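Here we start with a single chain on its own, the form predicted on its own, put down as structure tokens.
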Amino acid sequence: MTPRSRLHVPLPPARPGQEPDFSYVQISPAGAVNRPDVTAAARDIENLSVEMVRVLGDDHRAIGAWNPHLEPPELQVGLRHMLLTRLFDDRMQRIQRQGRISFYIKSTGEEAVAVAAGMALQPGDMLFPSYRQQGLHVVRGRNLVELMCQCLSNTHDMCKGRQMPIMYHWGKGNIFSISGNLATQFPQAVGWAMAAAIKGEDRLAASWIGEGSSAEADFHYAMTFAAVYQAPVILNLVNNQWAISTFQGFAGGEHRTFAQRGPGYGIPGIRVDGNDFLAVYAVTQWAAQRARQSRGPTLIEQVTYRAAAHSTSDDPSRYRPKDEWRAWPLGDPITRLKQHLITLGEWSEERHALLEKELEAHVTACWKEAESYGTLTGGPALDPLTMFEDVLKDMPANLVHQREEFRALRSAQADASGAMPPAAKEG
């Protein structure tokens, strides 16, 4: 009988009701992976795309060549940023469940991916995040009120009500607008980096996508352009094991690591423990130095785990074990950095509890202020006339005519009701 080919369908290691199984995750011992010079050719460091860069050992001490040797005050800042990001996420999740915002996406378990990388970069570097790197805004000093107002689509919304919640941007902070279309930020980051190189600037771009998004064509466009033109860009592929309900094997992670895609393009690929603050910082710092020395791009696979649901519209209990997060072998990034500081004698459980209480109060105060600018159901509202703004540099005659018609209609309605039109109230 002639043998027939069979279609292979990747299977997740565990389903609801089963025991979590992370035996498929290849983990290197802390401190075991070599740290090459930033000038090394991609073909000479392919082992970095298979092994895993780790700095923090099971005893919570930093070891190995990748240890960035950060001072305790800087580590404490990193811990504060990660904890604030998590508390902000938790509060916004509860607020969504109360019906006070329409949608939210948390980054629980992935805080180091954004915070450590953000701290390793320079303020002038341009960041192209996905919807799970709110920690970048925290690192760069963004007022949480502004993020909350965007989720509320109120009068203080940076997007003027035109974007779904959590699609932030920040021009002054060099953080590009988030797109709901997956992977678009990768080619955008490469293009921005190419432009920076053409202008001779000492700036680079960094971007983040999930492992599921690496199956999009934009990932491959970005990799090709980055490799050909040696763009000063850091491309972070965040492998948090799940693309909504789809296991990472469907995006191609079953047979090879995602970092191994780098060498195929002539780009260094590095796998890093995404829950190890020090490792993420060190690898980002290495890639940044490489880019600034005109050595081109780096693909970083951030191996982490999405502890929470994909979004407030998702129920992960339908496709993975309920307590799978607790079994994740790389632990919790906040707990690990906290324990490292305690081991150094630079932190304590008491100080941590006080910090958590302080940050909880800060998040509460920010929410109260955000509500003062309007809510989904009350308070001041955005002026509908803003729909005519920010689209065209020179407004064509037909839109000018429509805008004036709208103003006239609103004034007539206000006169009829005896109320003052919003534009007049705002002065």
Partner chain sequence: MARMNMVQALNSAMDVMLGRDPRVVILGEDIGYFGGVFRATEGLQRKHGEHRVLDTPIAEGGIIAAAIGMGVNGLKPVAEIQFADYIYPGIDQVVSELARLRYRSAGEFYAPVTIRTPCGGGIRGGQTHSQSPEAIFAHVCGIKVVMPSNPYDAKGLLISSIEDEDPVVFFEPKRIYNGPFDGDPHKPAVPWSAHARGEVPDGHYTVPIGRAEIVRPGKDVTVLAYGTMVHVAEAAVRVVGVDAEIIDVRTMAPLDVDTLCTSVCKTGRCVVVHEATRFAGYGAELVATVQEHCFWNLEAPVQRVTGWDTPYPHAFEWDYFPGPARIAAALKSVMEAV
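Quick caveat, the model's predicted, so the values are computed rather than measured. Numbering follows the first chain given and starts at 1. If you superpose the two forms and keep the largest set of C-alpha atoms that fall within 1.5 Å, you have the rigid core.
The next section is about a form of this same protein that is not shown, the form predicted together with the partner chain.
TODO: May I ask whether Met158, Ala195 and Glu216 all come within 4.5 angstroms of the partner chain in the predicted complex, judged by heavy atoms?
DONE: Contact check passed for all of Met158, Ala195 and Glu216.
Open item on the list: How about Gln413 - does it come within 4.5 Å of the partner chain in the predicted complex, if we only consider non-hydrogen atoms?
Closed with: Judged by the heavy-atom cut-off of 4.5 Å, Gln413 is in contact with the partner chain in the predicted complex.
Open item on the list: Quick check on His81: any heavy atom within 4.5 Å of the partner chain in the predicted complex?
Closed with: No, His81 stays farther than 4.5 Å from the partner chain in the predicted complex.
- [ ] May I ask you to check whether Gly269 falls inside a 4.5 Å heavy atom distance of the partner chain in the predicted complex?
- [x] No, Gly269 stays farther than 4.5 Å from the partner chain in the predicted complex.
Open item on the list: Leu382 versus the partner chain, in the predicted complex: is there a non-hydrogen atom within 4.5 Å?
Closed with: Result yes; Leu382 sits at the interface with the partner chain in the predicted complex.
Open item on the list: Please pick out the stretch from 199-207, 111-119, 333-341, 90-98 that is in contact with the partner chain in the predicted complex, where contact means heavy atoms within 4.5 Å.
Closed with: It is the stretch 199-207.
TODO: Find the only residue in Gln188, Gln285, Ser311, Gln76 having a heavy atom within 4.5 Å of the partner chain in the predicted complex.
DONE: That would be Gln188.
Task: Contact assignment for the partner chain in the predicted complex, among Thr39, Thr364, Asn34, Thr386, heavy atom within 4.5 Å - done: Result of the distance check: Thr386.
- [ ] Quick one: name the residues from 102-128 with any non-hydrogen atom within 4.5 angstroms of the partner chain in the predicted complex.
- [x] Contacting residues: Ser102, Met126.
Task: Rigid-core frame, C-alpha of Pro396, shift of 2 angstroms or more between the shown form and the other one - done: Passes the 2 Å threshold, so yes.
Open item on the list: Aligning on the core only, does the CA of Glu19 end up 2 angstroms or more away between the shown form and the other one?
Closed with: The answer is no, as the C-alpha of Glu19 shifts between the shown form and the other one by less than 2 Å after core alignment.
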